[in-house]
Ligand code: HSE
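Next up: just one chain, as structure tokens, the form predicted on its own.
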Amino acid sequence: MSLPLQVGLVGWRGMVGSVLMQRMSAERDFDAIETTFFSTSSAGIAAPKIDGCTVFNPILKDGNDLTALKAMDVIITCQGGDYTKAVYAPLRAAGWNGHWIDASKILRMQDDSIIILDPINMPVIQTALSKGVKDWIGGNCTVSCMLMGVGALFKAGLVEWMQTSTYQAASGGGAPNMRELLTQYGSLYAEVKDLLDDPASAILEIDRKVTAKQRGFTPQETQHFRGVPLGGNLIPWIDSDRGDGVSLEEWKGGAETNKIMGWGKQFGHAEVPIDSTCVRVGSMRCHSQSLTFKLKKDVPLADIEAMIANDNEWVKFVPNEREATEKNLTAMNVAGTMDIPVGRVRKLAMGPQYLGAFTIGDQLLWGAAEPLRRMLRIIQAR
């Protein structure tokens, strides 16, 4: 009988890390591992008490202590890109040969790493394991949620190209961004509460005051979205400017989808062209996407619906009807669940090979934490 894996957890107190702890506890992932919690700021104090988790080391270890980290078979980090930049290379240089499971983007596109989304790319993961790959990186949240919804079309080799317009939640920017959004909503409401309380008040006056308040937010009130208010607004640019008219977030749509599927130069397989327009909207934690596909051949709509609905246990196919769409294909309905609804599936006026769809997923679950804990299970099973 093999010994339990020694697993180190870093960044477990942040937003993604907290969701990861909840999921690992719910799925009893702690039962078969020996867990050591690391901290970059509170080393030496008592380790946390997590439901279902028997902590191997009762004291928090220093997240920058390479000797302590080297004792781990697996390190799972949600600490962010700066931590990965500071620790990963020195740890490998010191001779550590364990499995590194990382929520940050820093190592995603390295040739010796795999972006993990096992319901979609288990063959890619298994091939990499057989070759000795040890770096397992969580994908871009929007890409992961999209593929969980419509990955069946990619697996079947049906996609000639895809264009997506995203509607991404405040949580994609972090917990402070979510707080800022709600604070702005509260300020907007307070600005016009007296008018809202008066049924005879003019809606155009309410609108005027709301717009003036939005435009008058201070730098402190808009600091987390780079000086632009998200409350009652949208921002059609996410992440850094690559200098070619494409944001980094938009570039990820094509680059990461192809890598997840095992396509591109790294794998000796032609890529599928994918373009994106990424928009930040005033939703809390669910990312949505409107998708346009050109398929390689005309496939009956009923067959497409069946492929999507049966691809994995988390896809929830939503009939392209108003009532079903309004009830099931919304951020409010999906937040905090593992469901990935896919709806608005229809052939487009451009021709029978053109397909439209809309999908949504919780950015903190399938978009962040869930692939990490599942990768740990895959490593355990070897």
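The numbering used is simple: start at 1 and walk along the sequence shown. These numbers come from a predicted model, not from an experiment.
What follows is about the form predicted together with the ligand, which we do not show.
*Asks:* Thinking of 140, 173 and 252 as the candidate spot, does the ligand come within 4.5 Å of a heavy atom on all of them in the predicted complex?
*Replies:* Per the other structure, all of 140, 173 and 252 touch the ligand.
*Asks:* Under a 4.5 angstroms heavy atom criterion, identify the one residue in 238, 74, 261, 153 near the ligand in the predicted complex.
*Replies:* Partner contact (heavy atom, 4.5 Å) among the options: 238.
*Asks:* Look at the stretches 122 to 130, 164 to 172, 188 to 196, 266 to 274 and give the one with heavy atoms within 4.5 Å of the ligand in the predicted complex.
*Replies:* Result for this chain: 164 to 172.
*Asks:* Look up in the predicted complex whether residue 359 has a non-hydrogen atom within 4.5 angstroms of the ligand, and give yes or no.
*Replies:* Heavy-atom contact with the ligand at 4.5 Å: absent for residue 359.
*Asks:* Under the 4.5 Å heavy atom criterion, name the residues of 341 to 366 that approach the ligand in the predicted complex, in sequence order.
*Replies:* Just 363.
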